[in-house]
Every structure is written in structure tokens, then in C-alpha cells.
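The form predicted on its own is given below as one chain in C-alpha cells.
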């Protein structure tokens, strides 16, 4: 058996095409493009790559992008003032502060300062609460991207046993809520889980978001399962790899996402989706 590969590049391209068509029509009608402000503090090379990819995606779909690259030693107060300015800026529909931030800046304080209506990462506690009760405008980009990939494979979540490895606020927790909203039966595993292999072996849908290269091995996967790899790691040869031992797991799984080219492109496509949603909501609230 050889797993069917779920191609994140192809799915994200179709999402971005749809957004570009809608954006062109809305821009003509409203006389203003959707605007995304991306703030990066310091010189983290991975963060720089992400920011450039986001800028590129904005250009592809017809958004305006505003980039703020701040020095490592920027104070918390300076960053809070910038967020306040962007909250009030009528050209900015979405605000994204690239994490991680330098140690002297509280990530929670910054996330809480972003206007929930412009919080296109969906990290603000108000948006997290909306996700919990299933009444949301924005979804965190990576879990939303995973849901798109599962749907693109024609897989129904209803009644399936979904196992999420990882409990972060950014992926693991919201991921489990989205699967629950689609009537999946959800188990969340983490570093303290006992008998991990026995649990993952029962998963119809297995989502790895643990941050350890090749953590999920073929003997942890049920035959025919859908395996989604959220990991973004470097192996011994410094090559990009996921949390899943791809070469061996694909012999067992029914569907699998590669790294790179799986979840990564979807995260950025869903960020564009959230920004367009924020733009439309602001336009609707401003129209009499």
C-alpha cells in the first residue's frame, strides 16, 4: 500500500486563486485593497522567511502589505505603541506580530493588545473563546489549513477517531476543537501521555504537531489512516523535515502530507483568507 499524497501547494494555490478573484471584485467596488500589517522583531532567520512568504502571498492575491521590521532591542512599550497605531489605521485590516518575540517582550501582552477584529492569527483570547464555542470569524491559520487539506482529500471527519499529538495554543488545542466541531471523536496526546503508540494506532486521522523530527514512525500508524504532518524541523543533514517518518509511514497510511509542501503553504493561504474576512467585516460594519 502506498499513501495518496495530499499536495498542500496545489490546494493552497486554489485557495489563493479564489481569494484573488474575490479581492479584485471587492477592490474595484470599494476603492481600497485589503491590507495586512506584519511586524517582525529581531533577526530570527526562520521568521524572516515566513515574513517574506507572507509578503509574496499578499502580492499574489492583490492585498496591500505593510511590513515593520524592528530591531531586537525594541522595547515592549514601543511594540505596544505600534500595535495601537495599527489598530487605528483604516488601511490595515489584519495585524500579525511574528512569533517568537525576544525574551524581554511578553507575547501575551502583545497578543492581547491587538484588536480582535484585526487579529488574523486568531490568538486573542476573545477569538480563542469564539473557536471554543464554534461561533468564530477567524481560525488559527495552521489548524484551518489542516481542515482544508483533509476536506481536499474527500475525507469525512464525522465519527472518525482523530488523534492530535501536541497541545500548543497555536496548533494542538484549536486543532482538536475544529475536529470536534466536525463531529470527530478526539484524543489529544502530549509529552505526558502513557501508551502513546497504542493510542495513535487507533487513529483514523492522525495529526502530528510535536516539533520533533521523525517522531511518528510506521508502527504508530493504523493501516489506511490519514496522516497530517504539521512539524517543521531540520534533520541531521540540515534538510527541512516533519514530525513524521514520511518514507516509512507512507507505506502504511491511506493519505499523507509531505514536508515541505504540505501544511506550510496552507498556513499562509488561510492567513490570506482571514485577512479578506477581516476586510469584509470592516466594510460591512462601516456601511450604513
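Not measured: the values here are computed from a predicted model. Positions refer to the first chain, counted from 1.
Heads up, the form predicted in complex with guanine (GUN) isn't pictured, but that's what we're talking about next.
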**Position in contact with guanine (GUN) when the complex is considered in the predicted bound form, options 170, 105, 199, 177, heavy atoms within 4.5 Å** = 170
**Prompt:** With guanine (GUN) left out of view, which of 186, 99, 82, 147 would have a heavy atom within 4.5 Å of it in the predicted bound form?
**Reply:** 99
**Message:** My question is simply whether residue 54 lines the interface with guanine (GUN) in the predicted bound form - judged by any non-hydrogen atom within 4.5 Å.
**Reply:** yes
**Message:** Can you tell me which of 118 to 126, 72 to 80, 158 to 166, 178 to 186 lies within 4.5 Å of guanine (GUN) in the predicted bound form, counting heavy atoms only?
**Reply:** 118 to 126
